[in-house]
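What follows is a single chain, given as structure tokens, in the form predicted on its own.
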Amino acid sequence: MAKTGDNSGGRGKKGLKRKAAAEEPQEAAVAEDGATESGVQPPKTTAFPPGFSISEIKNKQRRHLMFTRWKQQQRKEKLAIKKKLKKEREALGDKAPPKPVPKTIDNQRVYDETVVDPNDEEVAYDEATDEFASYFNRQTSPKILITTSDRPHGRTVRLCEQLSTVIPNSHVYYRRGLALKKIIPQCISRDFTDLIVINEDRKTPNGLILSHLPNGPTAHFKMSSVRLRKEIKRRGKDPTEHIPEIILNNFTTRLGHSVGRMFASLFPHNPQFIGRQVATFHNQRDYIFFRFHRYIFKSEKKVGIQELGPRFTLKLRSLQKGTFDSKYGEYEWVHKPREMDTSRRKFHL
């Protein structure tokens, strides 16, 4: 009986050895195959067979190992090419060719006929006679009323309060069930120049209406990515009462020009540079990113910035002539996704 046990144990060991010997050539073949479909050689000396892909390896651990080795090899090759190009540019000095500009959706933008030329006489005449002319001629100073939708929740109320610290001479009033058609005449009688209404859905701010008084226009924006001050990491101290500077980026078309002038008319003309505060409206691919910063002079050449908050993103839904009138109002522009969003490279602002 002892002999029988010994023989069976020996046979088992021999079987395991045969199995291991059979698996080793398979692993070696997988590890030493040639280039992948992308044509990049893995770190092993031999190549995968033609048309072979790493995704064909059925063993998950082996597949993951081969993929990480292939990615490491790719990174090494890219780094070697970059170092070679850098040495060539340093050797050529001023005679080095300019760096190639990478293709992006922004610089591959479809041509728009409504892009504003700063020397265009028609544009200059329109700006001199539009609804914002009195502000840009310094005949009026902005006075803003900020309100919400009916029965707002805490997050929307806090956003209104924080916006009032960003925009000088702005006042927060609770809606109390009044219709906008009744609020607007009261604003005009009290010399308010703009009305901001923040709407919410499921306790989250999701829309903004900006109406210039007394003659319009009125813009309706979708609001997203709202972050209040406490939700921003590494934020600076609360803003001071100094009048901030305003930066408007990339509002290039006639429509974008109108929207940019609406935002500019919210802030007084003479910023107080001693406060070092900047409000930025940055348009990128028809999304308007709002940020509020304080800049800090670290030295004569270096400047750092601190975000103060709040922050949010706007997307224009419609631009209406006159003050708010959802039933009989005349619209200058309405966003129609099925007709207007046919190309990713076409932008309207």
Partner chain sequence: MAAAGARWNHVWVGTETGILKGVNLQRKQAANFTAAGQPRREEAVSALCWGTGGETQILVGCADRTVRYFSTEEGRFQGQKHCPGGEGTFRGLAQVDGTLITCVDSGIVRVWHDNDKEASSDPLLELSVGPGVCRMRQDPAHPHVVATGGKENALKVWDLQGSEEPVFRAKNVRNDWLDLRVPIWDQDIQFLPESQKLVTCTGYHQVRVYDPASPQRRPVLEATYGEYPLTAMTLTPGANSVIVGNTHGQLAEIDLRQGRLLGCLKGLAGSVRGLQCHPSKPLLASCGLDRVLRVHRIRNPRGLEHKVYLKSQLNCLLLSGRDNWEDEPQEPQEPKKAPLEDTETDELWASLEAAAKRKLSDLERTQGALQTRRRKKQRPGSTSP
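These figures come from a predicted structure and were not determined experimentally. Residue numbers count along the first chain shown, from 1.
Below, we refer to the form predicted in complex with its partner chain, which is not included among the displayed structures.
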query: Residue stretch of 145-153, 119-127, 220-228, 178-186 approaching its partner chain in the model of the complex, non-hydrogen atom distance within 4.5 Å; finding: 119-127
query: The single option of Arg69, Lys321, Arg285, Arg63 touching its partner chain in the model of the complex, heavy atom within 4.5 Å; finding: Lys321
query: Touches its partner chain in the model of the complex: Glu330 (any heavy atom, 4.5 Å); finding: yes
query: Partner proximity in the model of the complex: Thr114 to its partner chain, non-hydrogen atom cutoff 4.5 Å; finding: yes
query: Distance check, Arg261 to its partner chain in the model of the complex, heavy atom within 4.5 Å; finding: no
query: Its partner chain contact at Arg254 in the model of the complex, heavy atom, 4.5 Å; finding: yes
